[in-house]
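So this one's two forms of a single chain, laid out as structure tokens and tagged structure 1 and structure 2.
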Structure 1
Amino acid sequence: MTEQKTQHEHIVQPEMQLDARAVKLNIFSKFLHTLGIYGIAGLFVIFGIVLQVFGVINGFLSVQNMLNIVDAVALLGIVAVGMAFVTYSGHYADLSAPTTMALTGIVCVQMLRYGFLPAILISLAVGISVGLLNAVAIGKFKANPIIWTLAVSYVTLGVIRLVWVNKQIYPDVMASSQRASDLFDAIYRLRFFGKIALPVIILIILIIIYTLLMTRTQFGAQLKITGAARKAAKFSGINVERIIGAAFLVSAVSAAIGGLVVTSLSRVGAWYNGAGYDFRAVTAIVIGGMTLAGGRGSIIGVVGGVLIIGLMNNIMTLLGIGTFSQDMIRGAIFIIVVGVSAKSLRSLGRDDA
């Protein structure tokens, strides 16, 4: 997947060109460029409010509804903010995330017999070790991220199914005590102030940590250069191998946590847990303004992308649009949003992707 480099030679001095080119932007692109993804999120909210004012839908603008939206996408958010590091490093996506989730979940359920905390720790370690595989192969040996993580997901899936002979296991059966089982059940169901669910808290904590990691640390700065221009990063003395490896580890950490959450939600440890979260996370990441070329975007943007997916689903269901049409609309909005943002970046001479 080489990028189209034909535009590249036209960029002489971005600063000088910026104003002249910015004029050419149409309103929507300019809007998108200034406000980023939250502009679109805002549009959706306004759209929802307008619909409510005209009585087409009701209940959109309520605290409970907003909380529902956040609740529904918290799990996706947990996985996406981690995988964003992979995209940021210029490596597209981590397709092994779903099986990492499944593996973490099923190992945790299996280990509940040794108590809650050991189970969590062991399973997280197992999940993160999948990330280690990715880190070595992609970071050090430059294996193609998409197919390598695909291969890893096959192997992991095969291992899960071989070890647990195509069965699913239940936390309340496996746990040594009622307490361990209840604690595991609470990962998804614990609510603070009776409203805010634990996954949302986890997501917020991850957002804070990851944002700091990406913007305030040496690792973040090096990751940005590595993502934007790997060779330049290498020649400037950055240990790109370790940086890229670390990005995949972050993704695995997120996927492992997501695996615990999804397993707690579905109350079974099974190989099919987490299926589909790879492409869903990429969708959120890319809608959130992180370009696949790497080095551009932010965690906050990704969260915006996640929220947009939640908002979109919410409004469509409130409107009573059927499942089938929802798919079509979702796909089209995805292409349009990403296309427009790519175009605006390009017109500004900011990106050649």
Structure 2
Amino acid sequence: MTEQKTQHEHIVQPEMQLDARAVKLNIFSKFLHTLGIYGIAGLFVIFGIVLQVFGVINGFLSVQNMLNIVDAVALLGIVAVGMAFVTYSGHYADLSAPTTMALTGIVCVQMLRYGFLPAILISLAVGISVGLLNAVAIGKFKANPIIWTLAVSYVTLGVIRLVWVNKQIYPDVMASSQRASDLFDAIYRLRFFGKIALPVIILIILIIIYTLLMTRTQFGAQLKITGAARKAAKFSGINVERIIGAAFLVSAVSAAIGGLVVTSLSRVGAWYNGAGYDFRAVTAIVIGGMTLAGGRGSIIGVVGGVLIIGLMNNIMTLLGIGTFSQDMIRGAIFIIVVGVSAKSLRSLGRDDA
């Protein structure tokens, strides 16, 4: 009996050592799990408070600055929560989002001659059609998502420049009436209670809808399985092509809405509207805890990632750091987060990198 017990201890002991080693290697994951993404956002707030207390920056804690942060992240949040479905499906990112935003915006401004509501509906249909093209090519024909969406981005950009001959068009000039122009202008500038911007309300609505879609529907459950193990999903009877296509459609819907918001913000329809929002959205998605390999993460986490980027941008602006330097810092943070996340996943035996 004593001999059997000794043999059993020899068998169990290595496993215990392996578990301890895995925990030791996964310090970042433990830290993230303990604080949560919003805990990390809180650390950024504390950092900003410390800088203000020591006189390095001014106005960080002001109500207006807090509202500015929320306003600034609303547009990115709208794009990111939609693109998160593409990442969740295991297809990395939708690189056609920026030009989808530009196309939607410029078409809306052009169609304002027919009235505000027709312009909104037509432009959203045009933006979503880009997502439908991505859905068919990537879902049904299994095109590489990065190469395909990048190609679609270039083609869409070419179409915008060809049709509008590189010109900028203005809502107040194109609109059929002053009311139509004012309504389009209000997409970004309308304030509820004089404080809460319409894009923030739109983001909150999308967060609720997308969270329910991802966590409380059959589509969400099938999307998770598809992102985590595509072959297993296919063998279990899931229509993988349709699920992947739907993910790209959701991304296009968000990009189209974001296009209307950014065009209303700039008060001009132009090819460059939306530039850079693909990388910013992916950064927010990854910082928010959603793995590029798919099948893990949440919309709430993505929103936390968006908030962290907003706080980081605000602090860098108050510190007087220039735009190019901010881009460099964001890129470095993205590389660090992806690298550390990949290492921590491998330490847990999940080769998702």
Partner chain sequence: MKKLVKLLFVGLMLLTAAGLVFAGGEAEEAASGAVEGNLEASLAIDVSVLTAADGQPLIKLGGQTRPVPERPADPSALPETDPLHWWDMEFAGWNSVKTNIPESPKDGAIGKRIVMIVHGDHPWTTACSNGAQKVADAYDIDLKIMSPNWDLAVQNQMIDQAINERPDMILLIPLDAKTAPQQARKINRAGVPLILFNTLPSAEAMDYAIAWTGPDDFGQFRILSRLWADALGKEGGVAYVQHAPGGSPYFARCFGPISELSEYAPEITVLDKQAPGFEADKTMQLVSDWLTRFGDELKGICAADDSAQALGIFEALSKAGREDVIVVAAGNSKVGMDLVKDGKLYAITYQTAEGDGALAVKTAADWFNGLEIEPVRYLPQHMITVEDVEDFYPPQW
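Keep in mind it's a predicted model, so treat the numbers as computed, not measured. Basically, rigid core = biggest C-alpha set you can superpose within 1.5 Å across the two forms. Reference numbering: structure 1, starting with residue 1.
K.L.:
Does the form predicted in complex with the partner chain correspond to structure 1 or to structure 2?
P.N.:
Only structure 1 fits here, because that chain is the form predicted in complex with the partner chain.
K.L.:
How about A293 - superposed on the rigid core, does its CA move between the two structures by 2 Å or more?
P.N.:
No.
K.L.:
Quick one: CA shift at L318 between the two structures, core fit, Å?
P.N.:
That residue's C-alpha sits 3.6 Å away in the other form.
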